[in-house]
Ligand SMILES: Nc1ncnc2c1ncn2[C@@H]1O[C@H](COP(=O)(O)OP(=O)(O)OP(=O)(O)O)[C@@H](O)[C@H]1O
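Okay, here we've got a single chain as C-alpha cells, the form predicted alone, with questions on binding and movement later.
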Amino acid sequence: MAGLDDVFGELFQGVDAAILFSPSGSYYERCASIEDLDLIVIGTENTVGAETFVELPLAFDDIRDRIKFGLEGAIEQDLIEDGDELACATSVFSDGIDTVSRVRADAETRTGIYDLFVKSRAEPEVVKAVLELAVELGKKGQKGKPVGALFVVGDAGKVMNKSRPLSYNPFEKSHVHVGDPIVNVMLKEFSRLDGAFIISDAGKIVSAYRYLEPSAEGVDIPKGLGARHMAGGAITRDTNAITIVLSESDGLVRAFKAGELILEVDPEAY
C-alpha cells in the first residue's frame, strides 16, 4: 500500500527552490538545515533573518495574490528564473504554514504588479484599492458600457499644481478615502465624465475632473494609446505620482511611473 511519501513526494521531486511565505523561526530553521535546498523567504518582514528575502508590501489574504506577487518579486530580483519548479509553502487555514503548492515560474506572465507597489510612494493599501477599482470598472463598465478612467495616486499637491479643473470638484471639502465601498460607488459614477481623479498618498480623494497639463515631450507610450495614457505617463515623469489608467478602447488596465509603462493587465484575467 502506498505511503504518504509515495503520493505527495512528487510535489517536492526536482524542485529548484523552496519558497516560504512568512514562516516561523523554527519552521525556517528546519528548512534551512536541508542540504542543497535553495530557500527563499517572502513576507512583509524578514523576521527570521533569511539571507534571501523578497518583501511583500501587503499580506495578501488571497493565496493566489500572495504567491503571484511574491514570484514576480523573486523574478524581478533575479532570485528565480523562468521555468523554475518551486515548492511554495504558506498559510491558509492557520497562522502557521499548512499548505504547499508546486508552481512553475513563468516570466511571460509577468504583469509588473511588483514594480507598481515597490515604486509607489503611496501607501500599499491605497495602491491596491485603486488598482482593484480600475479592474472592477474594466470588468463591469458603467451601466453595462465600457468606460475609461485615469487615477493619479500620490504627490497630490504637485499634481494639482500641474493640472486644472474641468468642472466643480465634488470632493473639495470632503474627507473621503478610496477603498470605502460608498466612495467607490461615487468614483464609478464620476468615471463617466472627463478628467482625472487625484488621490493622496494616504488615499484621500483630493479631486475629480482634473485636466492634466504636464509636458508630453519625450514620453514614450505604446502605439495605439491615446491622450489619456499620454497624460497619465507624462504626469508621472514630472511628479512622484503613479497613474493607473483604464482604457475604454481595449479594456486593459495600465500603470505608469517615472514616465514609463510598468504594468498592463487584462481585468478579466486579473
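So that there is no doubt, residue numbering starts at 1 and follows the sequence shown. Because the structure is a prediction, the values reported are computed rather than measured.
From this point on, the text means the form predicted together with the ligand, which you will not see here.
- Annotation: pocket open; no atom of the ligand, superposed via site C-alphas from its pose in the predicted bound form, falls within 2.4 angstroms of a backbone or C-beta atom.
- Interface residue among G154, G73, G138, G195, judged by heavy atoms within 4.5 Å of the ligand in the predicted bound form: G195.
- Shown without its partner, this chain lists I63, L58, A32, L225 as candidates; in the predicted bound form, only L225 has a non-hydrogen atom within 4.5 angstroms of the ligand.
- Contact check for V219: no non-hydrogen atom falls within 4.5 Å of the ligand in the predicted bound form.
- Although the partner is absent here, S249 is a contact residue: one of its heavy atoms lies within 4.5 angstroms of the ligand in the predicted bound form.
- Taking the partner from the other structure, the ligand in the predicted bound form has no heavy atom within 4.5 Å of any heavy atom of I205.
- Although the partner is absent here, I40 is not a contact residue: none of its heavy atoms lies within 4.5 angstroms of the ligand in the predicted bound form.
- Stretch-level contact check against the ligand in the predicted bound form with heavy atoms at 4.5 Å: of 209 to 217, 65 to 73, 43 to 51, 23 to 31, the positive one is 209 to 217.
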